[in-house]
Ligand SMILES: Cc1cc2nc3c(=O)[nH]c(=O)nc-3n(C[C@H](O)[C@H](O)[C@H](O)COP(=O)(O)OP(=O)(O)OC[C@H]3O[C@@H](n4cnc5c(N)ncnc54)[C@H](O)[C@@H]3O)c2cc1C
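Only one chain is given next, in structure tokens, and it is the form predicted alone.
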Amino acid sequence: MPARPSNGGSDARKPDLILVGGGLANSLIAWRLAALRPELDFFVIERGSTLGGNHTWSFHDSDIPAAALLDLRPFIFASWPRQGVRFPGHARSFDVPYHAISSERLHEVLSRTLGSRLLLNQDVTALTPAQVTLADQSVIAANCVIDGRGPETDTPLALGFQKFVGLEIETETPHGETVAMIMDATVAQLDGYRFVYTLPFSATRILIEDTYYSDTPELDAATLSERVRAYASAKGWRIQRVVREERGVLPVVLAGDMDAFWQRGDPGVPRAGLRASLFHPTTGYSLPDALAFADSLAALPDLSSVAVRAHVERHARALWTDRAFFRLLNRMLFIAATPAERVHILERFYRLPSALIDRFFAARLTAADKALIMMYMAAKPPLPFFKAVGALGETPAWAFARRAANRNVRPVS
């Protein structure tokens, strides 16, 4: 492990920037700063032994600009020219490339790039806009400190949850899958809306994730792991070995108070990634937002904590305003709909034009797109009219109450 920077002595030079947390958002910030601002002195401090934890981040080709896709190539370890969805009454494929970045590849590439600027196995116990305190009580001062340690548990946002357990397996014989199956909802509907997500990495290696749009964040990893194995068995895939397991609980935003959100946490400290609400409100995809923010940060002439905090808050608030429609759709899914109705809502959504679906994932819906989505849902509504209308308002307290009421709805069996 590289030596920690020392601030001992009055003449010691403070680093320009400290990135606390080595998740996706801070990793991409470090990568862009290293490439675009080589004059900067910065460090990434991560409590674990590697960057990125144990995750797979995926994105659609249309989610990011073409030039950015070229820049991301070193991190991409798998791509597919097509993707598909399956529902009880509808199956469809899309000729849109799909890509995946693994935490293993992220660490491999960035650790070479950052060298001694990467500090692993270091737990930050306190931070301010000007310094971080480590577990051994040593203090490192900096001109800017960015907190990218994931979402806070105490938040003024009303949330649903996308939760999953995934097993990357090696099959005894070729599994036969060739496309990224981003949603197979032909499975039994449990705990809200359930689907299985599969990414084939080779003829005999495939990632299978059992995924839920649920009212609760509780995750029974053992049960979901068994459901993954049952899915593989139903497909006729005999598991030779489990390569790795990953799990996660992603926020799905229904409503919130942005003023209260930015008043919480460490005063004046800039944030990044999920901690700054920078993710797609419906899908939970965070890579496009993380990349866009990293590029915007690298272009800032002033990288003091004051300037960066103002920038990220302004950036996040603008996205919050721009993405109000997605939160409306989330409320229709989590509040107006019962758990049994959710699969029908998603099935209808995937009958919409392919280009519109691309823009949905990229969070770039036009006014015409939004009108078409609402008209299409109203043409044969899976939701009672008055329940759908009731989801239009965005009052955090109301959304919290309605979400809590939904938790008492018996899961579909």
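On a predicted model such as this, the values are computed, not experimentally measured, just so you know. Residue positions are given as counts along the sequence shown, with the first one as 1.
Below, we turn to the form predicted in complex with the named molecule, even though it does not appear here.
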Worksheet item: Since the chain is shown here on its own, which stretch among 64-72, 354-362, 341-349, 51-59 would lie within 4.5 Å of the named molecule in the predicted bound form, judged by heavy atoms?
Response: 51-59
Response to the item:
Note: exactly one of P270, G160, G273, G192 sits with a heavy atom within 4.5 Å of the named molecule in the predicted bound form, namely G273
Fill in: One residue of L118, A185, V124, V253 in contact with the named molecule, assessed in the predicted bound form (non-hydrogen atom, 4.5 angstroms)
V124
Worksheet item: If you check in the predicted bound form, is Y212 within 4.5 Å of the named molecule, heavy atoms only?
Response: no
Worksheet entry | Contact label in the predicted bound form: I18 to the named molecule, heavy atom within 4.5 Å | no
Worksheet entry | G284 within 4.5 Å of the named molecule in the predicted bound form, heavy atoms | yes
Fill in: Contact test in the predicted bound form: I45 vs the named molecule, heavy atoms, 4.5 Å
yes
Worksheet, complete the sentence: Taking the named molecule in the predicted bound form and a 4.5 Å non-hydrogen atom cutoff, the residues of 244-270 making contact are E246, R247, G248, L250
